[in-house]
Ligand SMILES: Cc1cc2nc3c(=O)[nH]c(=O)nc-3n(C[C@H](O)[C@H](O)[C@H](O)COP(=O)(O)OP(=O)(O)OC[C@H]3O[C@@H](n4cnc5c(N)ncnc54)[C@H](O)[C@@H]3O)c2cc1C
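First comes one chain, alone, set out as structure tokens in the form predicted alone.
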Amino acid sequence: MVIIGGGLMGSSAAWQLANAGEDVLLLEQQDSNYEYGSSLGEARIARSLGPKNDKWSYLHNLTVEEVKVLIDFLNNKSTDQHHISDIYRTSPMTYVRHLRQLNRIEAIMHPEQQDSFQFARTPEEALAKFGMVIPDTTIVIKEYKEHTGTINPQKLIQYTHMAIRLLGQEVQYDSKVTNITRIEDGFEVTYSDKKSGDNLQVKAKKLISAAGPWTGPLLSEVASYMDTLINPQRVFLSFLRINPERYKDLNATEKAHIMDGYPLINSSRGTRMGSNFSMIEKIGSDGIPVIKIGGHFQRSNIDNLQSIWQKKLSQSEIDWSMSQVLQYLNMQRIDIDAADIELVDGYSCVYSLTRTEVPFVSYGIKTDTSPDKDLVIMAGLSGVGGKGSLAYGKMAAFLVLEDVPSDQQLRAVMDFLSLQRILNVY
């Protein structure tokens, strides 16, 4: 079984299949030190709190359980010991929302809610509960749960690749797929070895495409419809920090308040374009936290996918990022101004979006609209993929193996993301 794409989704699917005893070849066009792609970096938001039967909450919590399985496997197979804290940084998850989104808050307050949270509806409550100063149009929720906070995609990819190899299966880096052809008993996949320049071919009994923004062009011969279903968009990310001279003047309480204030989803302006997400990406060598910020809806079209990763941030994008971070730090009563925030780095990310912005983990479609059970497509996971990565991989494995999970909720999520939705919507 060949899996194309060694980011979070492809790696998760390859690990699940290898752990089920299947022969697996995972092809990744980068080397082992990723330099671009949606899976780059050390932090993605991991959160559980949601309304009753929320699918994204379920996928996060299932991934936590699957990470435990992965860690146990590695610890049983090697002398090096690993821990779930290598993958998750537990921290309060903060939601700052506009009052007009109160219905979203009321939806999480159902009788069966098991996740711990606190809610401040007024400025007085926010100050008393969280030490925050907020406008009277704003409400604040903090979620408290083990393994809620951030998930480390780079470390999770590293661990899944390690596990795949420990099972005797293959992960090949610097392997860029150039063509896929359907043959009588599966697929013929042509790929180039970027180091040697050689063109190689492998026959795949079954194929999983987890190629992100390359999905459409890559599947042009075997699933041409995907080019119309996936729309790659650029989303910029800024990496900021408080100036070292100013940071060293902060007291221990203020520094702890910053760490506990992230990750954050801030929709206090009440509009899609005005919302942003931010988190602590890492702690620099100088001990100063690096804050990553972006906006799910701060999107732009892409002229050249090959070069988009190197596109520099504009000054307006940097200014937007700095103003958003400054506003929130001031909300936390961290007394700094614009001159105290500096840019560490900027990155052009790519979101591979479906029209409804709900992803696909689905069989392909034959010309008669029946499921193509030799082809599984994982696509459109931008913005909702990281926290549920091993769960998506588990779903893909069930599809490839033509098996049905016993878990009723997993079956429901698979139905939601699968072939029938493609047929209904498109």
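Residue numbers here begin at 1 and follow the sequence given. Owing to the predicted nature of the structure, the values given are computational and were not obtained by experimental measurement.
Here the subject shifts to the form predicted in complex with the ligand, a form of this protein not shown in this document.
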property: Partner-facing stretch of 170-178, 106-114, 280-288, 329-337, counted where any non-hydrogen atom is within 4.5 angstroms of the ligand in the model of the complex; result: 170-178
property: The ligand contact at residue 37 in the model of the complex, heavy atom, 4.5 Å; result: yes
property: Residue contact check: residue 385 to the ligand in the model of the complex, 4.5 Å heavy atom; result: yes
property: Proximity of residue 27 to the ligand in the model of the complex, heavy atoms at 4.5 Å; result: yes
property: Heavy atom of residue 397 within 4.5 Å of the ligand in the model of the complex; result: no
property: Answer option from 235, 141, 242, 302, heavy atom within 4.5 Å of the ligand in the model of the complex; result: 235
property: Contact assignment for the ligand in the model of the complex, among 320, 351, 95, 130, heavy atom within 4.5 Å; result: 351
property: Stretch 201-218: residues contacting the ligand in the model of the complex, 4.5 Å heavy atom cut-off; result: 210, 211, 212, 213, 214, 218
